[in-house]
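We begin with a single chain expressed as structure tokens, specifically the form predicted alone.
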Amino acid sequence: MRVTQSMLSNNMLRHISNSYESMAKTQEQLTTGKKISRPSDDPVVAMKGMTYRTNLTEVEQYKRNLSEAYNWMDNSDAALDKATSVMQRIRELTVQASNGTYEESQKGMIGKEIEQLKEHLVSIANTQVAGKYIFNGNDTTKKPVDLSKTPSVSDNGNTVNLELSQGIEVAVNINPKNVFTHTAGSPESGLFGDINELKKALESTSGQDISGFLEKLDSHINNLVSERAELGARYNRVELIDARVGEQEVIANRILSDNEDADIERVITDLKMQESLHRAALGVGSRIMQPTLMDFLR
């Protein structure tokens, strides 16, 4: 094959152009820190990246769900703690009123304090978190307790489930039907009903035995403690799931980084090497272009 000057020139230009292209690609990797900037650079890396990024997005959503779960459960636990303290105070007052040494006026004053404690229990039952009632099952937009209405207490005991990991849903609320209760009638019953009957007995002049309410109050306190213990057990499970999701997040980030992130040290080395090759190509090109007919004739 006859090699002409134009062939040498074209080859030189093609090699220099390829060298520029390689340098531009390496420089892009160095600037962005990524192996590829578009799917056509490496379809396999791009396809894997989409899968890994989807996994990471799911893990990040689980982290947000866990934060929401902690919010619900922490507030529920705090509210049940306060409700238990209120019930213990009501029991303490009931013990005082039942010892037989208190006059009717003194019992009446205890009844007034119990009325205030009952109102405080109502406010606890109507606890809101981010504008949602946490003790009304899955109907979080309606107030669960309103003693001025009939029925006064919601009977919605449906669970509020959050997906905290792949296919794992955990209820983040308690069953309010086990704690905040009221049954109208004569006599009234349930948590608020028993407190109402206790208050009536304290304000009555009939000398009704007050100690009979202690057993009912103990039953309600036990319900609160039991529901709180069940919530605590679920909280421990949520913490275990949180630890697992945290590990999954670290792994997902590492896999995504391994797949997409450029090895900066290697990229810099490649860039220096390509610079050297480019300079060599330019040097060779200048030598090829120099020998012309005029050079021989001079």
Partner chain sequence: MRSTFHGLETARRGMFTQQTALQTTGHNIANANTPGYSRQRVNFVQTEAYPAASMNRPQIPGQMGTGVAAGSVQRVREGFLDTQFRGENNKLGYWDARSEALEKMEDIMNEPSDNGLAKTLDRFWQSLQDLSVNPEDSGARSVVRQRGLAVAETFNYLSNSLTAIQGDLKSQANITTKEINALLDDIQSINKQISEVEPHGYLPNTLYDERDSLVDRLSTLLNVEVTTKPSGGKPDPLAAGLYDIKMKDKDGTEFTLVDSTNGTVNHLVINYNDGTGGNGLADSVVVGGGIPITISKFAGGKLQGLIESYGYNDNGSVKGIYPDMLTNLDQMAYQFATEFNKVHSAGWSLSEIEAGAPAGYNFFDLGGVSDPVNPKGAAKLLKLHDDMKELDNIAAATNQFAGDGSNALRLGDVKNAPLDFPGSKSSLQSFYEGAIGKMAVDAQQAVRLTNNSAVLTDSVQQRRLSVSGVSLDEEMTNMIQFQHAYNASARNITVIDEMLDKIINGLGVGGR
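Computed from a predicted model, the values in this text were never measured in an experiment. Numbering follows the first chain given and starts at 1.
Missing here is the form predicted together with the partner chain; even so, the following discussion is about that form.
*Which residue among I264, A46, M273, I251 has a heavy atom within 4.5 angstroms of the partner chain in the predicted complex?*
Of I264, A46, M273, I251, the residue with a heavy atom within 4.5 Å of the partner chain in the predicted complex is A46.
_Between S257, T57, Q27, T269, only one gets a heavy atom within 4.5 angstroms of the partner chain in the predicted complex; which residue is that?_
Looking at the other structure, the residue within range turns out to be T57.
_Segment that reaches the partner chain in the predicted complex - one of 88-96, 116-124, 155-163, 222-230, heavy atoms within 4.5 Å_ = The contacting stretch is 155-163.
*Proximity of G33 to the partner chain in the predicted complex, heavy atoms at 4.5 Å*: Looking in the predicted complex, residue contacts with the partner chain do not include G33, since no heavy atom lies within 4.5 Å.
*Given that the partner is absent here, does T141 sit within 4.5 Å of the partner chain in the predicted complex, heavy atoms only?*
Looking in the predicted complex, residue contacts with the partner chain include T141, since a heavy atom lies within 4.5 Å.
*R237 near the partner chain in the predicted complex, any heavy atom under 4.5 Å?*
Contact check for R237: no, nothing within 4.5 Å of the partner chain in the predicted complex.
*asked:* Taking the partner chain as it sits in the predicted complex, is R14 in contact with it (heavy atom to heavy atom, 4.5 Å or less)?
replied: Close contact exists here: in the predicted complex, R14 approaches the partner chain to within 4.5 Å, heavy atoms only.
*For the stretch 53-92, return the residues whose heavy atoms include at least one within 4.5 Å of the partner chain in the predicted complex, in the order they occur.*
R53, T54, T57, E58, Q61, Y62, R64, N65, E68, in sequence order.
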